[in-house]
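Just the one chain here, laid out as structure tokens, in the form predicted on its own.
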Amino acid sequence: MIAPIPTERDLRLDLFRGIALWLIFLDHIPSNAVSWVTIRNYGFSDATEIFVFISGYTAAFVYGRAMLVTGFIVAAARVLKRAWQIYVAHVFLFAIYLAEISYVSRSFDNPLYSEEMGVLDFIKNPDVTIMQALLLKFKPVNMDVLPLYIVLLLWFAPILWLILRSPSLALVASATLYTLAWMFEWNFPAYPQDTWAFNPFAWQMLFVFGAWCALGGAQRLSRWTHSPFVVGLAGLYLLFAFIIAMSWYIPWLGNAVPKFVGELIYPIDKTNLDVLRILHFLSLAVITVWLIPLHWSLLKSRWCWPAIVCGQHSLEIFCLGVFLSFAGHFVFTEVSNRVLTHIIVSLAGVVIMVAAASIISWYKKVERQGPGPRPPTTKTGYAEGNA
């Protein structure tokens, strides 16, 4: 049985992907006081789970119909083309990011920038490091998400084919790979040591689950996600995660947490996508779906537009956010480290991201109206560049 392909664009995806990009930017600035507004401080998961899940969801939107209409080979070629585009963006981001860090480090005679941003090995051995970077093994600080996305897209075509024909089997296969990665400690090697910060063998599960939800899974789960009992369980789990997270910062609360609870849940591994992180994300998703329906009126209002427009151009805005996060770190180090400065820099970064996304959106709109070839758009309203 072929899974149904949705035909209506879900603006909630753009909204929360845009918000996730803002949160990632705020979290990437070291010692940023404003990062206390992000979800990573109040539970087990953070914006990365949101980004990966929605990326899988939108990828299935874009390429699922293409696979049904044009066949596996053509659709797989489109997926690989998108992976190549992201790889090229990653290489350019790597080069410009290194240039930014090196320039600031030399100009202000502060070698700590190179060490903090994880580029010290590049300065010592640039020839070897560049080759390792092209192989996605060497990644400076804050540059782990795109390599993960590239690898997930490289695997995506056969997974999408399986989801379209046997959604349950696809989920079982993904969960099996996730389990085997934990059992045998599978991961990709990194340079100069250790492994990838985001293990693709583990994080693929959230990406595949997003694709599964896009291709009929969300409809099958709707009677559960709207159940008062499930919503209540999700709320209780979020409360439990909040209490545990607060115990990391409040000594008396930490002492109040029973010892067996700590032995049971720690460590909460982000690299391998701990089950507690998955459950926290799923609980957030259940509450979000319960609170915000598909046709929520505010989705088309000016209040949600800034986040939505950023979410519609996630690749460009993510890359911009990496530059801005280092620029914010530079301001905190060289200019002022006051809380007011943190607020101004954080707000300025978000405004710049929204402005850049608006310009990109305007340019693509003009491009579609003008003569010449137009970028392909699916019936769902998502162009391939937004997957």
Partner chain sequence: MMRRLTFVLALLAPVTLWPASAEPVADAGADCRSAEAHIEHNFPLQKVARAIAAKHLSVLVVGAGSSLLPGTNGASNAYPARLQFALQQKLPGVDVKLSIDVKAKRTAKEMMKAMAAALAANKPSLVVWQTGTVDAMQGIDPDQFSQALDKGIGIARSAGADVVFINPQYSPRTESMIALGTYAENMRWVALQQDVPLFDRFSIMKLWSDNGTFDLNSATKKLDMAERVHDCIGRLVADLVLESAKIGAPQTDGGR
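Quick caveat: nothing in here was measured; it's all calculated off a predicted structure. Residue numbers count along the first chain shown, from 1. Rigid core here is just the name for the largest C-alpha set that superposes within 1.5 Å across the two forms.
The following text describes the form predicted in complex with the partner chain, which does not appear among the structures shown.
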property: Heavy atom within 4.5 Å of the partner chain in the predicted complex - residue from P126, P158, G235, G118; result: G118
property: Sole residue of L112, A95, M183, L291 within 4.5 Å of the partner chain in the predicted complex, by heavy atom; result: L112
property: One stretch from 162-170, 265-273, 311-319, 77-85 that, in the predicted complex, holds residues within 4.5 Å of the partner chain by heavy atom; result: 265-273
property: 4.5 Å heavy atom contact, V151 and the partner chain in the predicted complex; result: no
property: 4.5 Å heavy atom contact, F72 and the partner chain in the predicted complex; result: no
property: Close approach of F108 to the partner chain in the predicted complex, 4.5 Å, heavy atom; result: yes
property: 4.5 angstroms heavy atom contact with the partner chain in the predicted complex for W224; result: no
property: The partner chain in the predicted complex - contacting residues of 232-251, heavy atom within 4.5 Å; result: W248, P251
property: Large Cα shift (2 Å or above) at Y113 between the shown form and the other one, core-fitted; result: yes
